[in-house]
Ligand SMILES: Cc1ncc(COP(=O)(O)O)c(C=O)c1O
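Next up is one chain by itself, shown in structure tokens, the form predicted on its own.
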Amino acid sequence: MTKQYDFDKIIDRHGTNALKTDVLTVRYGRSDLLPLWVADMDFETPDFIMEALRERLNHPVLGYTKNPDGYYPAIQKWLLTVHGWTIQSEWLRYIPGVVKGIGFAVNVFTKPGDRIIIQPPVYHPFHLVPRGNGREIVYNPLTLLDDGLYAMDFNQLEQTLSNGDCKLLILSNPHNPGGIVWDKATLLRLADLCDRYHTLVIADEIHADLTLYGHQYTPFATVSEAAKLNSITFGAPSKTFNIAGVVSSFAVIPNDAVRKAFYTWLSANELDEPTIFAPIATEVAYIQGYEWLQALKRYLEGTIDFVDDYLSEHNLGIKAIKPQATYLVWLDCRALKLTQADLVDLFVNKAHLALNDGAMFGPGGDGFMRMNVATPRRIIEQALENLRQVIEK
């Protein structure tokens, strides 16, 4: 019998130092907001993960630990059975977060002043991390199609790459905030160009498990030999199973030379040694979590459909771009014809909603807002009612 999971349960996260709820005044200037911004979920972390962590806490010593024997095999099995990707254990290494991993790669493979390509609108640390490390950002803007989805501009990309001075390209696969699951043909063309111009691809694939509506994620490193040998992939169970606070990310590097350079640097700085709980949570999530994940995705699809139907029915001048992956809905608000400052004011100070300002994702983000719908549907319904009342006034 299939186990039932209660994604409608309301959980008050205030006062737990949750970033999502307890920094609203600092980030938005007020605390009376429905928090639909930072990308974690308001659902309970799966019981099998919590039980594994509690079991470890039954032992009274939390000292230095080695990786459990089943840690890397659990990641390998998940990538193979869920995504059809066969990887070797030596390709794997723990990293303390995907954003940190990007920062590590920037420091290992580039020097101050080097140029790094990103594809906006895109996850804002792709801008912040290279710039904070003294590197130059080069844009390969995505093309917004009539259906609200995005495509890569390969003509502009090749012009940019042909200068020969772009050391890295940071790829969001699946894409955040657009929710695009890049198809194999797109990734193959990207791989060929980056290989031709000797630009290493850093693939952030943290949302890989959260594909929706039958879409299938393709690991970048699997599309060709060039992609395999010219990439670093970062993944994690954190978005999938709502364990971001455990810090349980990993890197996959098939290329011997790239792997040696990166993992030697990690090891020298002891950045590849996980905390005591990360391997435990990762292993049990990947061994026991498939059924829970399917239930989660069905619930998310229902919520996204609800958002889309509500906005269409009430004709609010806002269009939901239904994501092919992730629980992040990219809201096209351009029909409201507001400045970005006025758009943010409408959401925050009038509708009392904390979303991510589309402008933070770089060029192409103005006129958009990003909404996290991984919360009980009653919360989403209340948020949309707030928005409707404000816009109809």
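Please read all numbers here as calculations on a predicted model, not as lab measurements. When you see a residue number, it is the position in the sequence shown, counting from 1.
Although not depicted, the form predicted together with the ligand is the subject of the following passage.
Taking the partner from elsewhere, residue 176 is found to have a heavy atom lying within 4.5 Å of the ligand in the model of the complex. The closest non-hydrogen atom of residue 141 lies beyond 4.5 Å of the ligand in the model of the complex. For residue 220, no non-hydrogen atom is located within 4.5 Å of the ligand in the model of the complex, even though that partner is not displayed.
Heavy atoms of residue 103 never reach within 4.5 Å of the ligand in the model of the complex, leaving it off the interface. The stretch among 258-266, 274-282, 305-313, 91-99 whose residues place heavy atoms within 4.5 Å of the ligand in the model of the complex is 91-99.
Only one of 119, 199, 249, 231 lies close to the ligand in the model of the complex, with a heavy atom inside 4.5 Å, and it is 249.
Site annotation in the model of the complex: the residue of 72, 182, 286, 123 reaching within 4.5 Å of the ligand with a heavy atom is 123.
At a distance of at most 4.5 angstroms from the ligand in the model of the complex, all three residues 39, 172 and 206 contribute at least one non-hydrogen atom.
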